[in-house]
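The data below hold one chain only, encoded as structure tokens and taken in the form predicted alone.
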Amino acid sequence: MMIKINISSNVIGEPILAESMIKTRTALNISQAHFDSTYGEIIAEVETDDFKAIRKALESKGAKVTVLDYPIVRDEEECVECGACISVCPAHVFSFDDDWGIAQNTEKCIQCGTCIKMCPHRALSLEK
């Protein structure tokens, strides 16, 4: 299962991720991490059986944990097939097809939202 972990400024610099993983003996497969002095966001995969324990441990230290269980959705009418999503997607969800249209493999999507932020026509969203 894919999860997003948000860490606020009051705990940036603290080893809350490492401490939570050690405490719960839970492995996280981190696909993305973004930090600055005020905020942190991690996209990771965790075994379903381990989710409740790691979420409880992280939230007890001030983090917010969200399950990412919806793939990215492309609005065909709004998309101009510029390729911005192709260049930024860390999971290679998007590609050009033989006719230079945008092809999409949602099974690869890690719901990080990078493509949503980069789409100049706001043609991408997370399905709700």
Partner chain sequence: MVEKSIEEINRRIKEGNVNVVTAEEMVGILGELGAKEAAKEVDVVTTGTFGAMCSSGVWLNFGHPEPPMKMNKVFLNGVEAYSGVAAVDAFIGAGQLSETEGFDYGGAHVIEDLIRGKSIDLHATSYGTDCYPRKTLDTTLNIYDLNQAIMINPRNGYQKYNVATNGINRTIYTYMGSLLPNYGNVTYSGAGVLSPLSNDPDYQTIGVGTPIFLGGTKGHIIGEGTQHSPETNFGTLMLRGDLKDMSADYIRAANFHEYGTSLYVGMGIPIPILNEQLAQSTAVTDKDVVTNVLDYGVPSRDRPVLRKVNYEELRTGSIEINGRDTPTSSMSSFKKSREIAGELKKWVAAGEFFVNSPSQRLPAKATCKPMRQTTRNPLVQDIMAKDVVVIDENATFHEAAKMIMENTFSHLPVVSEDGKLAGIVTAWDISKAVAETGCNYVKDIMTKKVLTSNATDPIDIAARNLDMKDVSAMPVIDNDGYVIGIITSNDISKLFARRR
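Since the structure is predicted, the reported quantities are computational estimates derived from the model, not experimental observations. Residue numbers count along the first chain shown, from 1. In this text, rigid core is short for the largest set of C-alphas that superpose within 1.5 Å between two forms.
There is also a form predicted in complex with its partner chain; it is not shown, and the following applies to it.
The candidate spot formed by E78, G83 and S87 is fully in contact with its partner chain in the predicted complex: every one of the three has a heavy atom within 4.5 Å. Only one segment in the set 43 to 51, 98 to 106, 30 to 38, 61 to 69 has residues whose heavy atoms sit within 4.5 Å of its partner chain in the predicted complex; it is 98 to 106. Put simply, M118 is close to its partner chain in the predicted complex: some heavy atom of it is within 4.5 Å. Using a 4.5 Å cut-off on any heavy atom, none of the residues of 1 to 38 reaches its partner chain in the predicted complex. Shown in the overlay between the shown form and the other one, fitted on the rigid core, is a CA shift at T24 smaller than 2 Å. Once the rigid core is used as the reference frame, the Cα position of V88 differs between the shown form and the other one by 2 Å or more. The pair F94 and T48 is at least 3 angstroms closer at the CA level in the predicted complex than in the present model.
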